[in-house]
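Coming up is one lone chain in structure tokens, specifically the form predicted alone.
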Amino acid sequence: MREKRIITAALTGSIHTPSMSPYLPITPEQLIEEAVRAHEAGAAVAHVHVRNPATGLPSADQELFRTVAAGIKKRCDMVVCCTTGGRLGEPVENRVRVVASLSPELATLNAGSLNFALFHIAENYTEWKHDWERNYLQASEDFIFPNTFLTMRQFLERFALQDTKPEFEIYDFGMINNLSFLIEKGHVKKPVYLQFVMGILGGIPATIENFVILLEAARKAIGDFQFSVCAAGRTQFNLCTTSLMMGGHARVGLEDNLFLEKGRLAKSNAEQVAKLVRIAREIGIEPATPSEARRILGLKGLDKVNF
């Protein structure tokens, strides 16, 4: 029996803008199609952000979330993991509404605040499809992504009411301590699921050395847990492969990286999933099915969501 690992497809995110790739999914229909194709390629989880269909601006619109989640559910049995990060600058109270509204099996919960910086990316582009894109990126030079202890506790209360499992987004070492504290105080129940998010300016650089240190720090502070890795940009496949080899899961997708290889844009999330599946099988690992992912993570089941 080959070992099973969960592959997540992060479909669109809130970092990249439409001018950066013609393949970035924008509309609900595109997001649903991307999720289904990623599922067919081997992804068990779809990590979902939504965007204004007309402009591509990241959004927290609940009807857009519902349309995408329901559309995915209608066509396949993927786990839908909703973001509570939203777009840069989204009011905190808007970000968690998707948990109360859709009662998903899985949703992200950012384990601390950080300088979430994208302004340097704007330097690589001179032409923009939409007026909002350049300003959206440049404004992040003076932006803090707020996830205070109060916010985290309040989010966790919403998650508990819906029996939605948190996927804790760990951007740096301090966030491991934050999560350990929340566990100690009884706000978080073990076992936990960690997503090590690497390569964001303002967070930990995406290197294999840093990943190993993060993982060991988490084991000392938290104990046993499930974990996954995602990495921004060109280090995506190196870090994801390392995670698989160290017993973890992995996230790919156009949220994190627009390329399939150097100089070649990925035409879909499914292309990235398929590449990682090929790598995994070469080292004796098989992608988990959605039902296997549910057992691994202890999720409540697709019949208990509200979409």
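Given the structure is predicted, the values throughout are model-derived calculations rather than measurements. Heads up: residue numbers just count along the shown sequence, starting at 1.
The same protein also has a form predicted in complex with ligand KMH, omitted here; what follows describes it.
**Q** Just one of 237, 116, 159, 211 has a heavy atom within 4.5 Å of ligand KMH in the model of the complex. Which one?
**A** Going through each option in turn, the one that passes is 116.
**Q** Between ligand KMH and 84, 171 and 255, in the model of the complex, does every residue show a non-hydrogen atom at 4.5 Å or closer?
**A** Answer is yes for this spot.
**Q** Of the listed stretches (172 to 180, 84 to 92, 221 to 229, 97 to 105), which one has a non-hydrogen atom within 4.5 Å of ligand KMH in the model of the complex?
**A** Going through the listed ranges, the match is 84 to 92.
**Q** Can any non-hydrogen atom of residue 51 be found within 4.5 angstroms of ligand KMH in the model of the complex?
**A** Judged by the heavy-atom cut-off of 4.5 Å, residue 51 is well away from ligand KMH in the model of the complex.
**Q** In the model of the complex, does residue 15 come within 4.5 Å of ligand KMH, counting heavy atoms only?
**A** Contact with ligand KMH, yes.
**Q** Contact between residue 47 and ligand KMH in the model of the complex at 4.5 Å, heavy atoms?
**A** Contact with ligand KMH, yes.
**Q** I'd like to know if residue 249 sits close to ligand KMH in the model of the complex, meaning any non-hydrogen atom pair within 4.5 angstroms.
**A** Judged by the heavy-atom cut-off of 4.5 Å, residue 249 is well away from ligand KMH in the model of the complex.
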